[in-house]
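What follows is a single chain, given as structure tokens, in the form predicted on its own.
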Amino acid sequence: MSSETKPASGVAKIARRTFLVSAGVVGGGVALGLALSPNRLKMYRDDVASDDEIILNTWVKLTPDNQLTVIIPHSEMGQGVGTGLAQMLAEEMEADWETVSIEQAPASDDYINSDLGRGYIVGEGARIPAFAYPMLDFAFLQIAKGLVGQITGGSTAIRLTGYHGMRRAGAAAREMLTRAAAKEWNVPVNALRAEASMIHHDASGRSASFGTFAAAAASFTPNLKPELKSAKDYKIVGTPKPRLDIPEKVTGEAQFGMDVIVPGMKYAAIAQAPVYGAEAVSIADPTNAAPQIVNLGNAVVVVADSYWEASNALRRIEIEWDGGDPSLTSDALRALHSAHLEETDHEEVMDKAGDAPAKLASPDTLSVEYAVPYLAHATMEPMNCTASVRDGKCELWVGHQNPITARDDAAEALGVNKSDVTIHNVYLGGGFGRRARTDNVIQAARVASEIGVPVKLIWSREQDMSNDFYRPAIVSRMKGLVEDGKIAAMDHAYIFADAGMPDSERPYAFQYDVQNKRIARHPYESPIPVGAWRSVDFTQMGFFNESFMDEMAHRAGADPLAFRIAHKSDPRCRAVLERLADEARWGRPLTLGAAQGVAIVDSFEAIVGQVAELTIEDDNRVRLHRLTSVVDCGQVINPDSAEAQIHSSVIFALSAVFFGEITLENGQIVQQNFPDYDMVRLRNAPVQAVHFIKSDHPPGGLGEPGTPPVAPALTNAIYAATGKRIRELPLTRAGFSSV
């Protein structure tokens, strides 16, 4: 980890009043704000358009021959985000889907995700009066510059950028085109209608394409609060459109970071300090044959004409490291976590109701401890970045989840202005939170600056696995009391190693109705780097809470699924559980020896309930036959992509449940490659059934919510089959393995 590496860009914890004061709403600044705030949808860079393209607003380009390009301010890492956002924009614009293409937004302040700021600061469903839109929109933009940049994470693209931004941009573009047609034809605007990228005047029978009016429409100011369509009138949203990024990936035209080739480029291999905090104090080359060597302090880089040459030379050189804590082990960390939970002077109470401590003084209280390990991201494409630094200018080619932050951090590392750094954000071969960090970007920029030629830095798989920003290892202690068949009180104390998730998402919440509860976190600084991992804190809390809920149901002598329904007043959650019982055939006769387990987690504005059905074979080998998911994610934008995201989340989570564990010995990461950190294969992947509840709620997230319920659904099923509780992951710690 580079000493210049900064924490991942996340959404800071800002009070709403603080935001309103800074925006000028409080204290009489409204009039001044309205006068000075520019129109958010008029912000763009002229160089994003080619000679025949016309920019209608920040996110919309149109050509005279009626081809529409939607500019996407999120990174594409296999989730289909570009297609979903384009569907939302094209729907409101009344565009012909066959004319639509997508383009990655430049890493420029004009294309910062201000709608993420809106969602987190004033709430996703907040209504903003039309008169205040110019000022607040600009305020969201300014705040987003320091908080979210151009982040892709937290399942925010559809639920925030799409819902608040792309729909509005499409509707505003439609209004501009209609106004241009009305002026050209000298007819009232309300006498025109838009459909399939055409403007129609039914009274006269005249029709013309959007492209016909594009140039004239560009002269109008976009309406920041245009009239939006009713969901019942949707033609594009809610339909399974093929993903727009797939064709070039099939043909091999798509460019990932590993594909980048720059004229005159050299290749760099890297060895980072094996113990965190160590520095390279001496470097020797016994053969005197190594190409250029760059000492970055906590990493040593060898630069050569090919990656093969660079990596071989790196293996030959001798590096002496000094510093760090070589005594650090996983067992020692676990003991420190348990001891830390005994201390209360530093705890932060996150949620409280009634008098849980008094109720839990009962001798009938159940006290249990759960634990989850550090986990790596293990993206299929190892970390890499290509950099060129010349004449005070830096150019970077990288697949990144927040190119704005990458630009800013590279500029700071080099001591240049942000305007002197250009980022070319390419496709990501997996992200899951790892590519929101900038360590590899800073390293590439520094090496290129030092040697004076373009450099492609490539991490080996071993370097990638042992220098991650890991999902935190956490120990959790839960107490609960059952009275009259329901939970009378619960208490939860857990280790908190901040991975960058905002408290506004309430990842710590116990998602059931309990009159007496207390939830407290114990902040703890991890001795190794931690960061966001798919579904962030919900992945740990989902396992803790849903495992505990199953134990409470057993205490009550109740059916685990019915017990959950009895503790849910939210009608959406109840509907998910009821549908899940039906789709998974819960409680009905199963194949001989089979058992089921259930879990449900509400995360990122989406509710996912899952039932795992399995059998236990010889030597405690788990055969997971089927995993049924029922999802209420609000409005579904693209059914095909939505189902694929749940399938992907399940496989990702199963790999962690069965195999995932990062351990330390002598201060070093033990796992180095996939033989040490296995993945689910076809042979142990279950049949999946995914069912969506039709909803008129705004769209929620989908890239992450399918992950948290998997572990507890599986371990609860193991308990149903064997009577053995799994309170620590992965399953190997309890003597279970995958078939």
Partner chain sequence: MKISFVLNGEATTVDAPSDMPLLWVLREKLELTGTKFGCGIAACGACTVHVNGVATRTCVLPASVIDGAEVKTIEGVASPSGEMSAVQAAWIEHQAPQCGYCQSGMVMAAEALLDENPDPTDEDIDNAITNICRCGTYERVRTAIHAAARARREG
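Residue numbers count along the first chain shown, from 1. This is a predicted model, so every value here is computed, not measured.
Omitted from view is the form predicted in complex with the partner chain, to which the following refers.
Heavy atoms of no residue among K517, A553 and A721 are located within 4.5 Å of the partner chain in the model of the complex. Residue contact with the partner chain in the model of the complex: Y494 places no heavy atom within 4.5 Å of it.
The shortest heavy atom separation between A685 and the partner chain in the model of the complex is within 4.5 Å. Proximity of R461 to the partner chain in the model of the complex falls within the 4.5 Å heavy atom cutoff. Contact check for Q645: a non-hydrogen atom falls within 4.5 Å of the partner chain in the model of the complex.
Look at 494-502, 371-379, 223-231, 442-450: in the model of the complex, residues with non-hydrogen atoms within 4.5 angstroms of the partner chain sit in 371-379. G429 is the sole member of P527, P291, G354, G429 with a non-hydrogen atom within 4.5 Å of the partner chain in the model of the complex. Interface residue among D259, D420, E279, E347 relative to the partner chain in the model of the complex, by the heavy atom within 4.5 Å criterion: D259. In the model of the complex, the partner chain lies within 4.5 angstroms of at least one heavy atom of each of the following residues of 283-311: S306, Y307, W308, E309, in sequence order.
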